[in-house]
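A single chain comes next, written as structure tokens; it is the form predicted on its own.
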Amino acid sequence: MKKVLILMIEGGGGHRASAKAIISGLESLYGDEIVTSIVDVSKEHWCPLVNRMDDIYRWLTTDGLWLWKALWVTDNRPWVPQIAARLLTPFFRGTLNRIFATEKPDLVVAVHSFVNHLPLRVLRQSAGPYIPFVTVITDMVTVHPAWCCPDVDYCMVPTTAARERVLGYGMPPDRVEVVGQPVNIAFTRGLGNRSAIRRKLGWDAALPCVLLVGGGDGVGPLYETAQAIASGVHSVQLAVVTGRNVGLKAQLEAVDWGIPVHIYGFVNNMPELMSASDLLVTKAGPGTIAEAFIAGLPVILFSFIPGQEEGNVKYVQAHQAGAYAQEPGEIVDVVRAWLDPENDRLKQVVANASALACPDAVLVIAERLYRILL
């Protein structure tokens, strides 16, 4: 029995979702032959500035966006994370050695840009047996150089554009493979007829549905967009996922909408919700976009995190698999046009989105990890 340790840092929920997706692939192919665990490195550290990284990230990508932009520009160079890892090694060595000693992994997998250089450096300085180290990059296009550690044993990326970027940062070409975005294996399994899924969810089986998602934290103009669609699009129903944003959920539930509106908090049945919907309105998170492609669901993107998600918008637009519309009124215009029965645009966008799907990505990732374990 082999042990795979997945290292991450919480931030928006996407990295943990990727880790769980990889585990779903390993379990599907190899069952009890492989044992897995997920460790949030930041939560294991004694320093409050580190172990509250998820709160800091949430602030940086909302109210502190000005600082995020400055940091992105400042450290967007390959040598910066390499030097930072050397300087920070004494500060993190104890935490990382304790994690490795407790978990006793046969393979380490990083699914966050901050847990590449440092953990690998500490691992290679230890006196124990050689443990392979793999990076699974979860940024779709605009990969930050912190992801790129040339000393890793293998690196898997979601798109050709991501591979070109990491090669430009000095990653060895023979260690970088395009495999697709790690998405939970539940998305690869047919869930049945759309009308049947809607009935199961308690939705109107006949009405087209627009799904609004703001990531794990329920960020973005979901309330304003829901109001705009409800008043500006005829014969439609809405499903809104607010994630951990309990205030937004309560605000939405207090409204008399006049159309069918289905409101959810944090959900574990996103494959069902996407399969039951006709189009998705969301922020430009890579995991959500990849899930939508597998579900054949065209996307309307209303925002992106500068630097990190900027390339995702361009990627969707370049492949005509969706649209970018910041304001609720602009979103309504796209929704109205796509749902117009006399307009063939939606059919073409669905086909384009489906063409970008990589439904077997987690199985490919699992197979590569298993091969390295042997």
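Just count from 1 along the sequence shown to find any residue number. From a predicted model like this one, the values you see are computed outputs, not experimental measurements.
There is also a form predicted in complex with a small molecule; it is not shown, and the following applies to it.
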| property | result |
| --- | --- |
| Whether V241, K283 and P286 all lie within 4.5 angstroms of the small molecule in the model of the complex by heavy atom | yes |
| Distance check, P119 to the small molecule in the model of the complex, heavy atom within 4.5 Å | no |
| The small molecule contact at F266 in the model of the complex, heavy atom, 4.5 Å | yes |
| Interface membership of M270, the small molecule in the model of the complex, 4.5 Å heavy atom rule | yes |
| Proximity of G216 to the small molecule in the model of the complex, heavy atoms at 4.5 Å | yes |
| Selected contact from A17, V350, A357, I23, since only one has a non-hydrogen atom within 4.5 angstroms of the small molecule in the model of the complex | A17 |
| Sole residue of Y57, Y30, Y315, W338 within 4.5 Å of the small molecule in the model of the complex, by heavy atom | Y57 |
| Interface stretch in the model of the complex with the small molecule - options 170 to 178, 287 to 295, 97 to 105, 124 to 132, non-hydrogen atom within 4.5 Å | 287 to 295 |
